[in-house]
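Only one chain is shown below, in structure tokens, and it's the form predicted on its own.
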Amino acid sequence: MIKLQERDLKHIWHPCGQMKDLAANPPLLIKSARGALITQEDGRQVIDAISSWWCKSLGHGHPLITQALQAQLAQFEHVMFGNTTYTAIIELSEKLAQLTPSLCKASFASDGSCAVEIALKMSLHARQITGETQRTKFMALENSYHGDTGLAMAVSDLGIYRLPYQAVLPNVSFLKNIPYVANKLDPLWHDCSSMWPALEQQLNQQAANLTAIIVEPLVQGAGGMLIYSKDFLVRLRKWTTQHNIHLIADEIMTGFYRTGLKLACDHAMIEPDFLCLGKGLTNGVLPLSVTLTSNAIYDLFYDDFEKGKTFFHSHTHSGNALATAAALACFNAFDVENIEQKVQTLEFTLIELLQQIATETGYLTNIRHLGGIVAADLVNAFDISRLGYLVGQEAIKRGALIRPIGNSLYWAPPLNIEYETLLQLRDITCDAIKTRCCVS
């Protein structure tokens, strides 16, 4: 096993981490995974407390998805999607069109970043067609993250991701002083009127040149699982409509019941101009993302080829048949397992267990939760360097895969995780915090 890890480190550049860290703490060698549990080659099991970067909403090895993949593989695995179609992707598109009242046109890609790229490019291109050539700017929220490709990185407000490339990124404005909340009981969740005038002032200063504002609806993932006011999202949608500015909802992480409803936008009962989905769309089994938009946007690009209105954005694996089969199976599994109801119960369980840890350890503060997400900040009483990383490594040794974001610890487990597994997760997390949050 050690030799395998050494071979890995000799050639592989793992994502989103410092490779020197992996030399000290080698990557887990995975043999199998079922439900919320990952089994290593040596037989030890690890609880997947973060749904493998938020995509395993139904856990690992879901039988309905496996069956769907096998059935599709017997027919064909991929044919270029430029000028072909097939039954499964038509059915998937019809299901996606039912998520919102009017976002009925689907543009498929592979990963979440590229779904965001499609939305940003489509918004900008649309302005060229309508003659609004002054609308060339984007705005996003502070602490936002939308991906690591060019435009997606430009609208992300996390320095560690964008600063090395700042010189070549377009200038983007970030809306400051977002009304963050702890949960749905926070007064700001329902009414942020006291903060809105200052926010509106920032918006008005940029309005004339904006083509779109992009948001992670209600929960900012890589920013530290920060939750903000539902009322703010309502007001922002109203403002963008009044000023003819597109609203892009990046629901790559929040879509498909992660926040308790099918879409995070549903909490605010708003509909964006562009909706980006991924991750839970296929339960992370295969890469597939989609950008949904309206007939109004679609019709702008619908004309004779010679008129230059064609939207030239393509992926080799766009519309991949195996990924599409997985996505259809996910829609089925969400209904069969009654996931929406399960998340209602899961939300209360997650917050109860994390509060128990906070009480026992005294090392958690700013506890926040929404749907299948719960988070808190580690109290770094002894100024321990990279405390979150150390707690994460300790938890892995004890049997739970968590990856704190900075010093923000969070759980976002499979939405159908067993209660007994959550109790184990509580105990492991508690012990990891006790071990690492004090001077050794």
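Quick note: we count residues from 1 along the sequence shown, nothing fancier. A quick note: this is a predicted structure, and the numbers were derived from the prediction, not measured.
Below, we turn to the form predicted together with a small molecule, even though it does not appear here.
Visitor: Which one, Ala264, Ala119, Cys330, Met253, lies within 4.5 Å of the small molecule in the model of the complex by heavy atoms?
Guide: Checked against the cut-off, the match is Met253.
Visitor: Using a 4.5 Å heavy atom cut-off, which residue among Asp231, Glu216, Glu347, Asp273 comes into contact with the small molecule in the model of the complex?
Guide: Selected option: Glu216.
Visitor: When the small molecule is placed as it is in the model of the complex, are Trp54, Gly112 and His146 each within 4.5 Å of it, taking any non-hydrogen atom of the residue?
Guide: Verified in the model of the complex; spot residues all in contact, yes.
Visitor: Of these, 174-182, 351-359, 104-112, 297-305, which stretch puts a heavy atom within 4.5 angstroms of the small molecule in the model of the complex?
Guide: Contact-bearing stretch, as computed: 104-112.
Visitor: Does Lys279 reach the small molecule in the model of the complex, with heavy atoms at most 4.5 Å apart?
Guide: Yes.
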